[in-house]
Ligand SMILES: C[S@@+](CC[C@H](N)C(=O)[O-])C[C@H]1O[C@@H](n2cnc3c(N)ncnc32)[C@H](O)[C@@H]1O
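The chain below stands alone and is given as structure tokens, in the form predicted on its own.
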Amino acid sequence: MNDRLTRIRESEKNSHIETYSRENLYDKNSWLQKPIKTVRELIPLFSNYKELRVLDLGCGIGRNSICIAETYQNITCTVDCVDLLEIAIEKLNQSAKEYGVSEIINGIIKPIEEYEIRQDSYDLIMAISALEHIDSEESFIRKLSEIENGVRENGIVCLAINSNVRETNAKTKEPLEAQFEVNLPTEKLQLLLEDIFSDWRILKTGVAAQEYDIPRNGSISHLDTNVVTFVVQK
């Protein structure tokens, strides 16, 4: 692991540990209070399934995956949840127990780039603010191809990826190195997604400018980012 990757992953680890230590899944007035809107829109599309297999890459503490498991706990359903951080998977498992879906949720502590996605394995693969934390642009492109091959016929891929991220010290406004392993220009990212999933049916696509503050190494960083949403069906 090179120095830049080590530095970024340590910074991200510390930021998430601080956040996850003080916030719980679906707490009111928390950014974790419900699944993202795009995932909520997708959940009903699987209502006629008798068996459902889902992959949540960069799952965190289960913001999006626990709700899916709850919705489909009365059919044969498996949700594989992959995250680099032990604290994320620990809290995911706690929430799965709390919401009665422990037998559905499968927590896996592993970097996304190291998780093998087998061909035709999943009905839904989602990665929400996750793929930009793959170790390199080359690995990022390979993982997108894995995702494309890993979805069954009529399955869905749901991606939300930060692009063109700018990071500054929230107090001093000093420009900082963006703590993202992969930080592509927005247009390049869109073209890449369109190329890899060229034969798929687009269900939703768009770019939203977002800004927010996060704890970072004892101070607060301000992030400006273009979030690319890309939802397609095979």
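In this text the structure is predicted, and so the values were computed from the model without any measurement. Heads up: residue numbers just count along the shown sequence, starting at 1.
Unshown form predicted in complex with the ligand; subsequent notes refer to it.
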H16, N64 and L84 all contacting the ligand in the predicted bound form, non-hydrogen atom within 4.5 Å
yes
Of the candidate stretches 190 to 198, 26 to 34, 45 to 53, 165 to 173, the one with residues having heavy atoms within 4.5 Å of the ligand in the predicted bound form is 26 to 34
Of these, C77, L92, V157, I128, which has a heavy atom no more than 4.5 Å from the ligand in the predicted bound form?
I128
From K110, R152, R142, K97: within 4.5 Å of the ligand in the predicted bound form by heavy atoms is K110
Would R216 count as touching the ligand in the predicted bound form under a 4.5 Å heavy atom rule?
no
Hey, in the predicted bound form, does C59 get a heavy atom within 4.5 angstroms of the ligand?
yes
Classify H222 as contacting or not contacting the ligand in the predicted bound form by the rule of any non-hydrogen atom within 4.5 angstroms, answering yes or no.
no
